[in-house]
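Next up: a single chain in C-alpha cells, the form predicted alone.
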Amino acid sequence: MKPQINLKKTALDVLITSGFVIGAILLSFILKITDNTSASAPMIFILSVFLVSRFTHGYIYGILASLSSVLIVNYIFTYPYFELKFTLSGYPVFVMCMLVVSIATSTIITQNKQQEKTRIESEREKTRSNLLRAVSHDLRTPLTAINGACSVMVENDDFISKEKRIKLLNEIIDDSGWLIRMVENLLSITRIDAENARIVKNQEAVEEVVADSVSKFKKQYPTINIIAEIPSELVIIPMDVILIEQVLINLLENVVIHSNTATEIILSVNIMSDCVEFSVSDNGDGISDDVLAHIFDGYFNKTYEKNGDTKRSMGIGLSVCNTIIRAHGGTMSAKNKKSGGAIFTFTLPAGEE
C-alpha cells in the first residue's frame, strides 16, 4: 500500500513542477509579445520556483525547477534567442538566486510539515494513552459486576429465589449490553484514528438519521420521553450514517445514565448557513464545572451514583463522539442551560470539503 501512495505523491509533484514551469513559459511569452521585452521573464520564473517549492514535497522539485528555469530563461528569453549563453554578465548571480529561493523555501516548508506531523503524532499518542486509562476503568466495572452476579447464582443455586435470579440475570444483561456498546465505541475511534483511515460519506437525509437513532434508543429505553424537532423541509448532507447515529445514540444514553433528574430529552436540528446543527438537551441537573472542563478528554473517570448504582464514566463515549464529528469536519461542544439541564451540540458541514 505504501509504495502506491508514494508513487501517487511523486506523480503529483512532477505534475505540479511541470505545470508551474510551463505556465511561466507561457506567461513570459505573452508578456514578451505584448510588451516586446523579456525583462520580466526572470521574475516570473523565480515566482514559479517559489510556488513549486511551496506545493511539492522535499527539495528535489524546487531545485529541478530552478535549474530548468535558468536554462529556459537563458535559451529562450535572453538575446540572442535560442542559444545557450553561459558567459553572460550576471548569469552566475541569477543562478544562485534561483537556487537559494528554491532551497530556502523547500527547507522552511519541509520543516513546518515535519513539525506538524510531530504534533499530530503527539496528540494521537496522548489520545491512545487517555483511552487506555479510561478503558481500564470502564471495562473493569461491568466485568466485575457480571462475574459477581454469576458467582452468586452458581454458589447459591439451591437457596436463591426466582425473583433474585431474574434480578441478577437482568443486571448481567445490562452490563453485557454496556460492554457491547463500549466495544463499538472503541472500534469506531480506532477506525478513525488509524493511519490513512478515511470515513465514507454518503448523502443522507437528516430526518431519517434522527428517526433511526431515536428508534434504536427507544428499544433500549422505552420509557424515556424524547421530543424530536427537525426542519419541515428535506435536509440532505454528506455523512457516515452509522457513525453519526452512534453519536446521537451516545448523547441520548449519556442523559439517561448521568443525569439524575432529567425527565425529558429534546433532539433538535437547525439549518445554518454552511452547516447543519444537531443538539441534544435535557431538563436535568446539568454538569458541574470541573466535569465540563474535561468532558471530551476521553479519560474523565469520575463516577456517578444514581439510585445507589455506580455508573461508568462518560469519558469514552463523549471522546468517541467528538472524534467522529471532527473526522466529519464539524465541531462539538457542551454547556449548561440557564433554565437547567445540559445541552450537547455538534455541527456537520452542509457540503463536502
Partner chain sequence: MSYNYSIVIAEDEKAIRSIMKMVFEANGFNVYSARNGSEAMMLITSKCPDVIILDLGLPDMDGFKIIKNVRQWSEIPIIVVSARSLERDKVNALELGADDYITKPFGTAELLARVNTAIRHSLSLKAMKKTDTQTEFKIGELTVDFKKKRVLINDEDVHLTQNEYKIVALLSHNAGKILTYDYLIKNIWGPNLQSDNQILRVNMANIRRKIEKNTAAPEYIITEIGIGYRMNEE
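The structure presented is a predicted model; accordingly, all values stated were derived computationally and were not measured. Positions refer to the first chain, counted from 1.
This protein has a second form, the form predicted together with its partner chain, left out of what is shown; the following refers to that one.
Does any part of E204 reach within 4.5 Å of its partner chain in the model of the complex? Heavy atoms only, please. Output for E204 is yes: heavy atoms within 4.5 Å of its partner chain.
Its partner chain contact in the model of the complex: G148, any heavy atom under 4.5 Å: Residue-level check for G148: no, no contact with its partner chain.
Closest heavy atom of E233 to its partner chain in the model of the complex, within 4.5 Å or not? It does: once its partner chain is placed as it appears in the model of the complex, E233 has a heavy atom within 4.5 Å of it.
Partner contact for S281 in the model of the complex: its partner chain, 4.5 angstroms, heavy atom: S281: no contact with its partner chain in the model of the complex.
Proximity to its partner chain in the model of the complex, single hit among E277, E264, E171, E184 (heavy atom within 4.5 Å): For this set of options, the contacting one is E184.
Heavy atom within 4.5 Å of its partner chain in the model of the complex - residue from V100, I166, I180, L84: It is I180 that has a heavy atom within 4.5 Å of the partner.
Work out which of the listed stretches, 208-216, 67-75, 255-263, 116-124, brings a heavy atom within 4.5 angstroms of its partner chain in the model of the complex. Heavy atoms within 4.5 Å of its partner chain in the model of the complex occur in 208-216.
Which of the residues spanning 242-275 lie within 4.5 Å of its partner chain in the model of the complex, based on heavy atoms? In sequence order, I242, E245, Q246 come within 4.5 Å of the partner.
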